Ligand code: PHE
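In structure tokens, one chain follows: the form predicted alone.
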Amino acid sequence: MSNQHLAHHRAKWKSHIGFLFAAVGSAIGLGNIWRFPYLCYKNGGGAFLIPYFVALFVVGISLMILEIGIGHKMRGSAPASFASISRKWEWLGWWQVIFIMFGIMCYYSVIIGWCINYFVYSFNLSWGQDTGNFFFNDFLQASSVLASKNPFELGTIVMPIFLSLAVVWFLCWLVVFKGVQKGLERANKIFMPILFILMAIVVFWSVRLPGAGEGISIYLTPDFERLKSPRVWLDAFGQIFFSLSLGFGIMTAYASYLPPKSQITRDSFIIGLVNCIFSVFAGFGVFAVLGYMAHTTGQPFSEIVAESIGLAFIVYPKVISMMPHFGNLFGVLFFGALVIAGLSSAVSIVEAFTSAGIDKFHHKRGSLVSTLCVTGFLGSIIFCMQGSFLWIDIVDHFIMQYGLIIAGFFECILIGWVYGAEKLRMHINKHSVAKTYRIWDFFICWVIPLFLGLSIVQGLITELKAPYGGYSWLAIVLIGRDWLLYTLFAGIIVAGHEWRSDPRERMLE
């Protein structure tokens, strides 16, 4: 089969709304529900929305335009797109898809598995009254490991988590195996409306609880003095970067399935805005529930609020148990929403790697996805052991704080300076009705690399003062740093293999 024939038969989205649902599904994940509200609370309440939306338009949408634009232009995954610019930069694309597949996905799939477990527990409120003890001792079985702070004490596999992990990987395999139209597009057309409906029910139910108004007031009351702190702005820019799945190689792969005539600029705005509006909306539900808990227990709000895992698996179950009516139904809705938000992001990670493998080696989708999901499942097992909670903490910190930011920094250098931001902007404007203006070139070439560079430097300075999280330097090096290095070496090795066909042949003029 000729290369032109292969390029001509590249998978395509069946509809434009299918692409938007899939892209929004990739962007909206667990962090929108449990990380953004806490950041808003910590960084000045309603005042945090100012740097947050500045970051959205300067960094988020600018990088979204870049990733969708380059995928659309090169008609390929991140490795194929970067190789089309220069074979010397192909490693960057492979590093992106490898460390999200065999880094982020390995532990993210386990956390989705936790959500499935808690979805089941919600039916009879199995966590009891002491939700913290249940989560760490009964569910994770990690009390002794957490006390020692030694991640090398892995212990044994926790079977309920292992079984839910298998379900997560099976569902990811099923969706990606079926391809772009029958798998990703169809699944996200189901996932996204259900997610929006579930969160709407959770939020409108929450805001009617006693004390909800106080919680929402704390969530939104602005403290403009906090905006003087550089940390607040860095948190806002960082949340936008992570929340939109930027630097993952996902949007580049998704954009390669678009038709030549596409709305790249407009779609980037839609994806970014829907993601951020969802985060703000979910925050109403989170803080309404926290307000109800403070009202019911009489505890100060500052003692109740928690971030990420603590919020979802300790605070929320406690509130659900305290509800006078239908608390188990509320739990089913909340954890059901978390499962769907997690799965919609997880399938996009598997697809990003699958797209890259098909592009370079012309593997059949079915065999590649099957091999990938079995390998990913086996790699994830280390995160469903008794001591794996500490591993999740370390690996997540290093991949998010360094892997994604470094990859995003080099992505801007490649497109802004090697390929040329103006050149890509001209392609985007040629194929879109809504135009991208010269200011975008400035953001890509200067503003975003400066922000990402400062984030890396600040992180390293903090890291060198004291090891992250109070862990030993040995754990930091072997689990955190080396995970990034091994995936980087793997990316360089894969990039060294020859292409079955020249990736530049599929480029749009």
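All residue numbers are counted from 1 along the displayed sequence. Since the structure is predicted, the reported quantities are computational estimates derived from the model, not experimental observations.
Although it is not shown, the form predicted in complex with the named molecule is what the next lines describe.
Annotation: in the model of the complex, residues 59, 63 and 268 none come within 4.5 Å of the named molecule through any heavy atom. Stretch-level contact analysis of 38 to 46, 23 to 31, 476 to 484, 447 to 455 against the named molecule in the model of the complex, using heavy atoms and a 4.5 Å limit, identifies 23 to 31.
The named molecule is not drawn, but in the model of the complex it has no heavy atom within 4.5 Å of residue 169.
Contact check for residue 256: no non-hydrogen atom falls within 4.5 Å of the named molecule in the model of the complex.
Of the heavy atoms in residue 78, none are within 4.5 Å of the named molecule in the model of the complex. Using a 4.5 Å cutoff between non-hydrogen atoms, residue 242 counts as a contact of the named molecule in the model of the complex. This chain appears without its partner; in the model of the complex, the one residue of 96, 348, 188, 388 with a heavy atom within 4.5 Å of the named molecule is 348. Think of it this way: in the model of the complex, the named molecule has a heavy atom of just one of 114, 248, 316, 335 within 4.5 Å, and the residue is 248.
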